[in-house]
Ligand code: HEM
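The data below hold one chain only, encoded as structure tokens and taken in the form predicted on its own.
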Amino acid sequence: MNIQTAAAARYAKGSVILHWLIALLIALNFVAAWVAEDMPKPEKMQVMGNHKAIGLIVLALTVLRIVWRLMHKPPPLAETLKAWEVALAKVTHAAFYFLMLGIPLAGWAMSSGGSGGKPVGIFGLFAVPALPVGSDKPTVGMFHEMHEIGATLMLVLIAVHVAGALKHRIIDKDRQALLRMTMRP
């Protein structure tokens, strides 16, 4: 494959940056949630405040990524992929977008109801208003369940995504599959 063909088979730099930035923030948010579980309340509240801020940033970046994707056609999938691999890739990516929107929205709604409508601070820079949701226990509980189930599905999806990338690299010996989401020339 020549350099021009390889470059054409890669995602645009904006897509690559958004992919890895969102991935990093999602990973940080999982770590924050796990670490906060066993913390004393004052420290837990601080960590969860950061968790909420990161979640809203993920939401905003995901919206930006969707707009970017609508404006920048992704590279074609490799012609060597089997039909089931193409279908799985499409379903996985659609599910990622759904969860990257749904998990932060459910968390924001849960926080909005649970805090009695207090805004979410974004690292002391500004605050995002609470969503107009009910503050009754069943409503907050429903959003909590949606947030947790979504997070669990996200972990499964990440495992499938990484396994797919490794399968292409190790089993299929396809070096280009992993290079599609890098900025290397």
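Bear in mind the structure is a predicted one, so any value in this text is a computation, not a measurement. Start at 1 with the first residue shown and count on from there.
Omitted from view is the form predicted together with protoporphyrin IX containing FE, to which the following refers.
Shown alone here, Phe123 lies farther than 4.5 Å from protoporphyrin IX containing FE in the model of the complex, counting heavy atoms only. Contact annotation: Met48 falls within 4.5 Å of protoporphyrin IX containing FE in the model of the complex, judged by heavy atom distances. The shortest heavy atom separation between Ile17 and protoporphyrin IX containing FE in the model of the complex exceeds 4.5 Å. Within this chain, Ala12 is remote from the site of protoporphyrin IX containing FE in the model of the complex, having no heavy atom within 4.5 Å. Along 76-94, residues Leu77, His93 each place a heavy atom within 4.5 Å of protoporphyrin IX containing FE in the model of the complex.
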